[in-house]
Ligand code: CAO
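Only one chain is included here, represented as structure tokens and corresponding to the form predicted alone.
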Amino acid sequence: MTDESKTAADAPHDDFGPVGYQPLSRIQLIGGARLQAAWSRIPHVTHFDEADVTALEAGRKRRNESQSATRLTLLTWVARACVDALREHPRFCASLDEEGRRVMLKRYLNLGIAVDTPMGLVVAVVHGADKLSLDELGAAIAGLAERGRLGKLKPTELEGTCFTISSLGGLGGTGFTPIINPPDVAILGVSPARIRPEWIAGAVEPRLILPLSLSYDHRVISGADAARFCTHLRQQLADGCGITPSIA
């Protein structure tokens, strides 16, 4: 590169003041390479939607206040709703073969959960998520998150995902575009729920609205597929995934 072709971005940053360097962790290096490859090789499309979780959250809080109930987060119900939606829409629980000619539909359902660890983001896997009760699913997610924070996840707990959920929880934000986690063909982003006035049955009511963002591989999944999947997901969350949250 000649001096004439250099831009301001190529100039040494320490020309403008003191700088410091911090090496990326091994997890960040590996994850970064995978994300770069996924973003460049997969035609991503993101479908944005919202779910009214007012009744679900009220029931969840009542349930958690019960001394006999295991405390569960809203993410547990999102995961349960995803399990149900994946049963009804098996194309989202699939992978594209190496030649890009066939879709492999998986007869098992392992749910990936993005976990924020001190060393970087990892995707931990709940194996056989469709065979777990609500309490078991919640306990599995909580256990993976805790072991991830402690750096104690087993290699087998990082393999075999079919579909991934990435939740910002209470960190903030109104929406984001998650990057697909290969070999998955879709990933669900969940942003913090917020109270918002909604026109319901002729009156304005405060409702708790949960933002959802579904990124999918457009080679495998169409926009219509994504809309139907999110509609199913939204309806499941609105009615508590077929479970009465106050007593489940």
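Keep in mind that this is a model prediction, so the values were computed, not measured. Note that residue numbering follows the sequence shown and begins at 1.
Not pictured, yet referred to below: the form predicted together with the named molecule.
Chemist: Would you mind picking the one in Pro182, Gly59, Pro192, Gly31 that has a heavy atom within 4.5 Å of the named molecule in the model of the complex?
Modeler: Of the listed residues, the single hit is Pro192.
Chemist: So the named molecule isn't shown here. In the model of the complex, which residue out of Ala94, Ile113, Leu86, Leu137 has a non-hydrogen atom within 4.5 Å of it?
Modeler: Looking at Ala94, Ile113, Leu86, Leu137 one by one, just Ile113 meets the 4.5 Å heavy-atom criterion.
Chemist: Taking 4.5 angstroms as the heavy atom distance cut-off, pick the stretch from 173-181, 98-106, 125-133, 155-163 that is near the named molecule in the model of the complex.
Modeler: Selected stretch: 173-181.
Chemist: Using a 4.5 Å heavy atom cut-off, state whether Leu210 contacts the named molecule in the model of the complex.
Modeler: Output for Leu210 is yes: heavy atoms within 4.5 Å of the named molecule.
Chemist: Quick one: is Leu168 in contact with the named molecule in the model of the complex, heavy atoms, 4.5 Å cut-off?
Modeler: Leu168: contacts the named molecule in the model of the complex.
Chemist: May I ask you to state whether Ala79 is within 4.5 Å of the named molecule in the model of the complex, using heavy atom distances?
Modeler: The answer is no: Ala79 has no heavy atom within 4.5 Å of the named molecule.
Chemist: Are any of the heavy atoms in Met119 no more than 4.5 Å from a heavy atom of the named molecule in the model of the complex?
Modeler: Met119 lies outside the contact set for the named molecule.
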